[in-house]
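A lone chain, given as structure tokens: the form predicted alone.
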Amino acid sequence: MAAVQICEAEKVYIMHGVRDDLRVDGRGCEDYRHMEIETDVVSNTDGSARVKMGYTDILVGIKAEIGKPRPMVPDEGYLEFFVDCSANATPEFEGRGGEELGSEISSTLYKVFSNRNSLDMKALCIAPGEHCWVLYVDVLLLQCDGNLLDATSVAIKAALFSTRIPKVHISEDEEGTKELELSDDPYDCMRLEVEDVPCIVTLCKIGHRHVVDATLQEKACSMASLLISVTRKGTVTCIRKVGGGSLDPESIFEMTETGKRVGKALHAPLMKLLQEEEMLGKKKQKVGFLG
């Protein structure tokens, strides 16, 4: 992952600020940076979104294709994740430098969405045991300034909200062979229920306290982080410890409670923003670089 080098004096300054609940950029320990969200930014996808969190910039595109259900869950569809790290984000991603980070983020996303509380996979089923919708979620890291997983989870939720899947009509010929016919009407489509799609909250332990939405400089002062995915009801779907340092049980409990509180508070304004943007329709102003 992209990292920065800071001197001991800077570390002391950051740690003392965190101790007093006053970070370098003026935020409290549980505050996110300014966030910009825009949906329907890529025309050749079924759903897309772009999220800027500070200087971290994430673009997500979703394509829906018909596939065969997995044998263990014949009445469900599924998601496939692919994460690409742009070399423009940081020189460390040049060549094959970003592959390890991309695989790590993909692995985390699979764990988050493997929980049945995350998304109704049965809604993606067309014909049990025969056909289902497969959602290919492509994540592009355009710029990296820390807290990639939180921004990625918000972008995926926004992209899923904007995803429109064509209605499928099944017919049978005289021999009993099933034929699938996709609707050409753009309004004859299926929308996904994304209210319970979790958001990831990453908490970095700095000194004796922990912070939300750490910048790269703050990340350099942290030896361990706790990644928590939380639904709108406060249900935890995944917990993962990141970093080489250790966390004592009391810290894990405190960080988990903070993550649940912050994650739960993030969902309501996010859904409100997405619904307000959708109501604008064609009046919506394109503000991103793809506008």
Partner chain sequence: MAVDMRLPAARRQVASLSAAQEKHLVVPGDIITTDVGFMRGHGTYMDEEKLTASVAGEVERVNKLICVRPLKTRFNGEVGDVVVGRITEVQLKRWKVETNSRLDSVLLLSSVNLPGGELRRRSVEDELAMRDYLQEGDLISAEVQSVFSDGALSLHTRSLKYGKLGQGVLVQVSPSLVKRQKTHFHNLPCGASIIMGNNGYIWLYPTPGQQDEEAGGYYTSLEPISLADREVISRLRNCILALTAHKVLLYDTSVLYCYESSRPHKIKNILKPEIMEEIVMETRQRLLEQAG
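These figures come from a predicted structure and were not determined experimentally. Positions refer to the first chain, counted from 1.
This next part talks about the form predicted in complex with the partner chain, which is not shown.
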Heavy atom within 4.5 Å of the partner chain in the model of the complex: which of 233, 70, 241, 34 fits that? Just give me the one. 34
Answer for residue 64 alone: is it within 4.5 Å of the partner chain in the model of the complex, judged on heavy atom distances? no
So in the model of the complex, does any heavy atom of residue 30 sit within 4.5 Å of the partner chain? yes
Residue-level contact is defined here as any heavy atom of the residue lying within 4.5 Å of the partner chain in the model of the complex; does residue 247 satisfy this criterion? no
Is residue 46 close to the partner chain in the model of the complex, meaning a heavy atom pair under 4.5 Å apart or at it? no
Judged by heavy atoms and a 4.5 Å cut-off, are 19, 277 and 280 together in contact with the partner chain in the model of the complex? yes
Report the stretch among 233-241, 218-226, 56-64, 256-264 that approaches the partner chain in the model of the complex to within 4.5 Å, counting heavy atoms only. 256-264
Just to make sure I understand: among 189-213, which residues lie within 4.5 Å of the partner chain in the model of the complex, judging by heavy atoms? none
